[in-house]
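Below, in structure tokens: the form predicted on its own, a single chain.
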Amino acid sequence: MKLSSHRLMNSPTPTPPTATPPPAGLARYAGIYGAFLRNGLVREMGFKINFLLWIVVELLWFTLQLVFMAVIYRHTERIASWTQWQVVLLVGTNHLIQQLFTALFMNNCVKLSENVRTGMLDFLLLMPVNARFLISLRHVDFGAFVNAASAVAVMVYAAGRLHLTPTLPQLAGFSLLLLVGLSVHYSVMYILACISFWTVRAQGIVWGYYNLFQLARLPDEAFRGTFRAVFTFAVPVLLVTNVPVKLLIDKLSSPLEIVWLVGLSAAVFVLSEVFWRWSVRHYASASS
């Protein structure tokens, strides 16, 4: 008994297993978004006919836009100073931005109203993850990525007809401006979606802004006066598409157009965050 006690007293104390530290911020959110992508793909494959039909519908709509431009150019050589293939490049770029927005953000902005109405927002606000991240990125539309690829194909073809040989800085600038424009649309749409905290249903407002995307398939030079000012500065749908294409085809009247688009993107994003936080502070939950 003495020997056993001595051994017990002198034996090393077992160390508890070290807990695995949680992944760092960016890695954690990347993992969460990866789960969103997997869930989205499973959901799309569960309704394959619906998935294919939406792709076909969007392709037909894109084709009609191109046919519409072809009809216009049968009666004129230019819209303002833009030739036919420059406008086709513009239409393709607008469709690309629209489809990327649809893939990443559109369904999420529309569902914010439903989340407020049904009380699902209560659950999202309690999750140990940034609530805006969850609300903005939970649902991914994979069909829109397919349609975005068709827009890229049209853009490449139009660039070939224009004999464009963009430099690497031009391509990089074009790509960055596409992301900046996408950010503008997302921020404006998120502000409009947050109106649902007071109106309960804001889908009509959100879809109304989405339909304004169609204005951006035309050159900003085709508009004049108050109309052009409103849709360039107040509702910047013209700015978002025209500036990247102008950079690619050397039509920028001034570098200030790029500065204005980038500055607007930052300002609208900050405004959307302020409005979102203010809206949540005034949210009383669906159960109250």
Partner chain sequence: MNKYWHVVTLGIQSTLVYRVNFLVRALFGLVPLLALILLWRAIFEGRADANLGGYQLAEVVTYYLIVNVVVALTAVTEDDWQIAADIKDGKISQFLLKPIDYLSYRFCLFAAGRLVYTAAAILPTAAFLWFQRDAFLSPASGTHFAAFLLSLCLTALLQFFISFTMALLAFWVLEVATFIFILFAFEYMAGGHMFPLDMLPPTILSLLNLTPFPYMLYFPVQVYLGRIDGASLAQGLGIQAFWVAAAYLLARVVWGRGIRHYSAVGG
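Quantities reported herein were computed from a predicted structural model and do not represent experimental measurements. Residue numbers count along the first chain shown, from 1.
As for the form predicted in complex with the partner chain, it is not shown, yet the points below apply to it.
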Check, residue by residue, if Leu182, Leu261 and Trp276 all come within 4.5 Å of the partner chain in the predicted complex, counting heavy atoms only. no
Taking heavy atoms and a 4.5 Å cut-off, does Pro166 contact the partner chain in the predicted complex? no
Considering non-hydrogen atoms and a 4.5 Å limit, does the partner chain approach Leu212 in the predicted complex? yes
My question is simply whether Val71 lines the interface with the partner chain in the predicted complex - judged by any non-hydrogen atom within 4.5 Å. yes
Would Ile191 show up as a contact with the partner chain in the predicted complex if we use heavy atoms at 4.5 Å? no
Only one of Ala30, Leu256, Val57, Leu37 has a non-hydrogen atom within 4.5 angstroms of the partner chain in the predicted complex; which is it? Val57
Among the candidates Trp207, Phe145, Phe123, Phe133, the residue which, in the predicted complex, approaches the partner chain to within 4.5 Å (heavy atoms): Trp207
If contact means a heavy atom within 4.5 Å, which one of 76-84, 125-133, 93-101, 152-160 is the stretch that engages the partner chain in the predicted complex? 76-84
Members of 43-65 lying within 4.5 angstroms of the partner chain, judged by heavy atom, in the predicted complex: Asn50, Leu53, Trp54, Val56, Val57, Leu60, Trp61, Leu64, Gln65
